[in-house]
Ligand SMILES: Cc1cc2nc3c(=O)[nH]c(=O)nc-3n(C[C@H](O)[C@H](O)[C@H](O)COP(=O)(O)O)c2cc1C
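Below you'll find only one chain, the form predicted alone, shown as structure tokens.
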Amino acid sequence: MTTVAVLVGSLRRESINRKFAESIDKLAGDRLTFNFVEIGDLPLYNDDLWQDPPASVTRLKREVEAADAVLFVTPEYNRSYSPAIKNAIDWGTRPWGKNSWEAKPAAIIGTSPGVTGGAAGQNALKGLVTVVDMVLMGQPEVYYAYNGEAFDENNNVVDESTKVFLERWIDRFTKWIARTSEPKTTAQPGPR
């Protein structure tokens, strides 16, 4: 099964981005397994903390490295992505030479109650994701104007057009991961 590390940029309890990601997780069925990575407990990035790295940081790096791909689900904060996502990305790139994001297939989606569905936040995040060496899926984009009536109380998609749209996205992301993943090996290179 293909595993996806899911980072939700909104930390609030009733986050519509979290609910949206959970809905997609349910639709994905046996195509993708979502692992929601906790990022709300990460301290602000501080290089001095590498002397004794916080458990939340080592957990983040371990969960991202174990996944086949990464999915960022970001709200839009002041025409950009959330600081929680930026902080997680910063921790994942360090220490030098141990970038947890390296060569990971990735996608960015999000939702907003507004008509643009968080487009500015997602577009701002695209540049950073590629700079830290993730392989970003460019299309199809998901700028979803959140409509609570499209989902039931258990975050199942009940609106047929929303379901069709998200199913297509899941299929494309699944194929993107298969196409862009580097083979995983457990063997360590020998001396040269």
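Numbers follow the displayed sequence, beginning with 1. Keep in mind that this is a model prediction, so the values were computed, not measured.
If you look for the form predicted together with the ligand, you will not find it shown, but the lines that follow are about it.
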| item | value |
| --- | --- |
| is_contact(R12, the ligand) in the predicted bound form, heavy atom dist at most 4.5 Å | yes |
| is_contact(P75, the ligand) in the predicted bound form, heavy atom dist at most 4.5 Å | yes |
| is_contact(R79, the ligand) in the predicted bound form, heavy atom dist at most 4.5 Å | yes |
| Contact flag, I16 vs the ligand in the predicted bound form, heavy atom cut 4.5 Å | yes |
